[in-house]
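We've got the same protein chain twice here, in two forms, each standing alone as C-alpha cells: structure 1 and structure 2.
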Structure 1
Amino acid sequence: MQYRKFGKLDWKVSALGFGCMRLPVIGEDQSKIDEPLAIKMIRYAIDNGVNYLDSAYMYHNGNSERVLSKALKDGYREKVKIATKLPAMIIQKAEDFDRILNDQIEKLNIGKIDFYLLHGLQKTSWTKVRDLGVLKWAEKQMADGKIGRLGFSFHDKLPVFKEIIDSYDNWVLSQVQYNYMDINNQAGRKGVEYAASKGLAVVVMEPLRGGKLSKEPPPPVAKVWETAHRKLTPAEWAFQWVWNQPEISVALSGMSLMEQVVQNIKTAGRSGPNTLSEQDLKLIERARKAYQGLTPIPCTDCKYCQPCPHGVDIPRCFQAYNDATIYDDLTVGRRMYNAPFFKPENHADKCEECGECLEKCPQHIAIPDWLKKVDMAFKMDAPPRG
C-alpha cells in the first residue's frame, strides 16, 4: 500500500480508502447488508494497509455504521481512522445535531469519531446548518472528545465550495466528487487546487464515477484504450489519474465484492503522485473526449438559460440524461435526478414551454423538447435515446 499526506496533519493516509456506501447486500434491499462478507472485506482491506474508512448516517438506510462497528472489533479499530457524516439535508433544528451524533457514536461503538463531516453540502443545506450554529456546536464536540477533526463533503458549484472553505479556519478535509470526467463539474480541478492550497486534505469520492468508468466501455472509448502502450483496465486508468495528482490525499472506493477489494489494493500499490507519463495523460484525455462525444444533448453548462422563470434546473436535468445515455445506465441517471440535493421543483416536468431559454442558449438547443424527453426517461422503464 502507498501512503500520502493528509493535509496539514502529521499522519499518512492509505492511497485507497474503504467507502462503506456500497457494502454487499442480500438481494436488492440496500438495508440488508451481507454482514459476514462485508466484515471479511473490510478486515482484508485493513490487513493489507487501508487505514481510512468512510461511512455516513444514511448509508444502507442507517446500517452501514452498525456493520462497520462489528468489523472494527478484535483490535481493528486501533489500526484505522474512521470518518462518518452528519446529514445536513435532513437537519431541521439545532437539537438534531446532538441526537444524530449520539446515535452514530452508539452504532459505531467508539469513544471518538476521528473525522466528522458535514454531509453533501450545497448552498441551501450549508446555509441552514451554518445558521443553526453547526460550527460552534462542532467545536464543543471536539473539546468534549466526541469527534476529532471537522470536514465536509460537497455537491455544488465552485463558488459555494470556496465560500465554505473560507468560512471556517479549522477544516481538516474536504471530500469531493472527482474523476477524469468531472474535472469541471462541482468543485472540479480548481476546487481540488484551492482546498489543497488552504492546507485541507482532499478526499475523493466517485473516482470511478459510481462504477461507470470501470464498466465495459462503449466502442468509441474501447478503441481509445486499445491504443494504450501499456494495458490497464479502465478502472485502473481512472484510479491512477486521480492518484497522479499530488493534491489528492485518498481516493475512496465503495466496494461490493471481495474481488474488487483485492484488485483495488493491488492497483493502489502501483500508485503515486506524478507517475503518469504525458502519453498516459493524453490517452485519458482522448477517452474523456470519446465519452463526451456520446452525449445526446450538447449542453456546455454555461447556465445562460438560468434562472428559469419556472424553477427548472436545465443544466442539471441535461447532465443526468446525458450521463444515463453515455454510460448506458438509466438507474444511475435516475439516482442523480432524484438525489436529495436535486429538488423536485427543479425537475424537467416543471417546464411551461415559455421559450425564454431558447433565446438565451448559445448552443441553440431545443430545450423544452429535450426536457420532455428527460421527464419521460426518468419516469418510464425504457432507456433514454439520443
Structure 2
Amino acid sequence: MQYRKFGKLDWKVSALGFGCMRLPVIGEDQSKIDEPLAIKMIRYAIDNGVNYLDSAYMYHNGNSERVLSKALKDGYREKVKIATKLPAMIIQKAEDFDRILNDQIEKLNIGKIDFYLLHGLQKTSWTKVRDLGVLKWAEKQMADGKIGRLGFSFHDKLPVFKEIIDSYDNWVLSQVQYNYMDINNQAGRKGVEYAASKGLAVVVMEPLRGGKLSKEPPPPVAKVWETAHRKLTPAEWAFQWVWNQPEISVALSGMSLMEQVVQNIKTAGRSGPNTLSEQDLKLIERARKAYQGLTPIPCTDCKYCQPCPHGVDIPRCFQAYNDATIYDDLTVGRRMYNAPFFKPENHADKCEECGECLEKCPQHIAIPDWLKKVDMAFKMDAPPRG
C-alpha cells in the first residue's frame, strides 16, 4: 500500500479507502448486506494496509454503519480511521444533530468518530445546517471528544464549494466526486486545487464514476484502450489518473466483490503522485473524449433522488437508457428495463412531474424530462437519442 499526505494532519492515509456504500447485498434489497462477505472484505482491506473507511448514516438504509462496527471488532478498530456523515439533507431542526450523532456512535459502537462529515452539501442543505448552528454544535462535539475532526462531502457547483471552504477555518477534509470524466463537474479540478491550497485533505469519491468507468467499455472507448502502450484495466487507468494528482489524499472505492478489493489494493500499491507519463495522460484524455460522445444522462447512480413519491426507480431507468445509448443497442436497455426485478410500477411512465427529485439530484439532471425520453425509447422501436 502507498500512503499519502492528509491535508494539515500529521498522519498518512492509504491511497485507497474503503467506501461502505456499495457493500455486497443479498438479492436486490440494498438494506440486506451480505454480512459475512462484507466483513471479510473490509478486514482483508485493513490487513493489506487500508486505513480509511467511509460510511454514512443513510448508506444501505442505515445498515452500513452497523456492519462496519462488526468488521471493526477483534482489534481492527485500532488500525483505521473512521469517517461517517451527518445527513444534512434530512436535518430539520437543531435537535436532530445530537439525535443522529448519538445513534451513529451507538451503531458504530465506537467512542469517537475520527472524521465527521456534513453529507452531500449543496447550497440549500449547507445554508440550512449552517443557520441551525451546525458548526458551533460540531465544535462542542469535538471538545467533548465525540468526533475527531470535521469535514464535508459535496455535490454542487464550484462557487458553492469555495463558499463552504471559506466559511470555516477548521475544516480538515473535503470529499468530492472526481474522476477523469468529472474534471469540470461539481467541484472539479479547480475545486480540488482550491481545497488543497487551503490545507484541506481531498478525499475522492466515485473515482470509477460509480463503476461506469470500469465496466466493459463501449467500442469507441475500447478502441482507445487497445492502442495503449502499456496494458492496464479501465479501472486501473481511472484510479491511477486520480492518484497521479498530488492534491489528492485518498480515493474511496465502494467495492462490492472480494476480487475488486484485491485488485484495487494491488493497483494502489503501484500508485503515486506524478507517476503517469505524458503518453498515459494523453491516452486517458482520448478515452474521456470517446465517452463524452456517448453518454447522454450524467447520472452516477448515487440514489439521492430515491425514493420517488410515485415509485419511479430513476437511477435504473437512466442506467437502462444510458447503456442502450452507449452500446448503441436498444435491446441492452430494454432487457434491463423489462427484467423481472424491475417492476412496471417503477418504470419511467409513472413520473407525475412533481419535481421532488430535481432538488435532490447532485448532478442537477432534468429528471422528469429525461424520464419522458426513457419512456419513449423503451416504448417505441427506435434507438434512443440524447
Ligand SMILES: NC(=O)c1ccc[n+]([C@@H]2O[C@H](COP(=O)([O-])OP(=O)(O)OC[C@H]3O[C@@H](n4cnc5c(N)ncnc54)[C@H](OP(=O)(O)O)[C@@H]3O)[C@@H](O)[C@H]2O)c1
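In this text, the rigid core denotes the largest set of C-alpha atoms whose superposition between the two forms falls within 1.5 Å. It should be emphasised that the depicted structure is a prediction, and the values quoted were computed from it without experimental measurement. Here, residue number means position along structure 1's sequence, counting from 1.
*Asks:* Quick one: identify the form predicted together with the named molecule, either 1 or 2.
*Replies:* Answer to the question: structure 2 is the form predicted together with the named molecule, whereas structure 1 comes from elsewhere.
*Asks:* Measure from C-alpha superpositions the angle of the smaller rigid part's turn against the larger one between structure 1 and structure 2 and state it in degrees.
*Replies:* Comparing the two forms, the minor rigid body swings through 71 degrees.
*Asks:* I need the CA movement of residue 310 between structure 1 and structure 2 once the rigid core is aligned, reported in Å.
*Replies:* Rounded to one decimal, the shift is 20.7 Å.
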